[in-house]
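Read the single chain below, which is given as structure tokens and is the form predicted alone.
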Amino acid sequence: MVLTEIEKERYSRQIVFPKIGEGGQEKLKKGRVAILGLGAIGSPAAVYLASAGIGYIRLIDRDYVELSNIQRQILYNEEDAKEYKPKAIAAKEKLEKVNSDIVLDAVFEDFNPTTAERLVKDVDIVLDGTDNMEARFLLNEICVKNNVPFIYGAAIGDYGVLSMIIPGKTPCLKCIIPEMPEPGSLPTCEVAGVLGPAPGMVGIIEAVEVIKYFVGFGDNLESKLLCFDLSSLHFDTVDVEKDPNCSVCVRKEFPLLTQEIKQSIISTLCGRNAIQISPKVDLKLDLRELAGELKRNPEFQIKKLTEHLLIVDYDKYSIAIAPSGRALVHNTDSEKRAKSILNKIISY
């Protein structure tokens, strides 16, 4: 894919770098990347990959911007939080101003067994910017199944970890972490806190790994786990080995992908005191019409209505509803209570 004269000027400082050159820049232009999660890890990764000239970037996130995000999620600002703007949409708007020559695909959806294959199977590599282990284990299964490389990354406090997973070549995530931790057993940033640059460092290193992967230079994190502690400035890389009896990458068993889905998918948002409920099939709601119906009931207060979200207050709860019927019920960690509240508004 030949570079235009404008692209040669835009990327001139990168092209003059001997390990990339014009040929390497052309490889970046052909690259297709998905970033799963556009929070504290995905934000800086997206900025650097868009700036570097990756030709296609799919921006995937299920959430919207809140004021507490801005301390570390560098793509967003106070206006985004006031507007309850979906992170995928806000990210695309910001990145289009960084690089208008690339394709940016904003996907305001949940990553779950019904959407996973469609979201990642047609890209060259996926970046993990998620905030929970269930999503990472699902990402591991879908990438192994479809032979798509991905970069695992996580951060909490001042600590971060990364590894590159290449199906058929390296250990998969289940080889590295044999059992998925129980929900609530790991600390979250809401409880343990997070030093903003720690997940930012993970995102930047993920972006570097993507560039090296496409261009083909330097060492990478294949079969390695990079761990760092920003308080001590200690960085360590350890070798990881494939489990010869791994249920995912050896036996090709995909329990998360093949689990039976009934009418809806219910999940707890990591550390958020909120429950997400997604219909098995998109409902294609008219949010303006739904808001009009709810206004007739004094129990419901319309807080915000946009083309992407309807925010409704009910008692002590806040409910965010997308056109697909996917909803976030805040201020409860009870799946039963969340479903009961949502059934007052829409029925699955």
Partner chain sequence: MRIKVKPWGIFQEIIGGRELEVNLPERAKLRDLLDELIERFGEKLANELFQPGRREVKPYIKILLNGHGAELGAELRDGDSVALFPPVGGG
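Residue numbers count along the first chain shown, from 1. Not measured: the values here are computed from a predicted model.
Keep in mind the form predicted in complex with the partner chain is missing from the figure; the text below concerns it.
- Taking a 4.5 Å heavy atom cutoff to the partner chain in the model of the complex, the contact residue among Asn147, Ser232, Ser100, Thr258 is Ser232.
- Site annotation in the model of the complex: the residue of Ile125, Ala154, Leu119, Ile142 reaching within 4.5 Å of the partner chain with a heavy atom is Ala154.
- In the model of the complex, at least one heavy atom of Val240 sits within 4.5 Å of the partner chain.
- Under a 4.5 angstroms non-hydrogen atom cutoff, the partner chain in the model of the complex has Tyr159 among its neighbouring residues.
- Although the partner is absent from this view, Met133 contacts the partner chain in the model of the complex, with a non-hydrogen atom inside 4.5 angstroms.
- Although the partner is absent from this view, Pro197 stays clear of the partner chain in the model of the complex, with no non-hydrogen atom inside 4.5 angstroms.
- Exactly one of the stretches 272 to 280, 89 to 97, 76 to 84, 169 to 177 approaches the partner chain in the model of the complex with heavy atoms within 4.5 Å, and it is 169 to 177.
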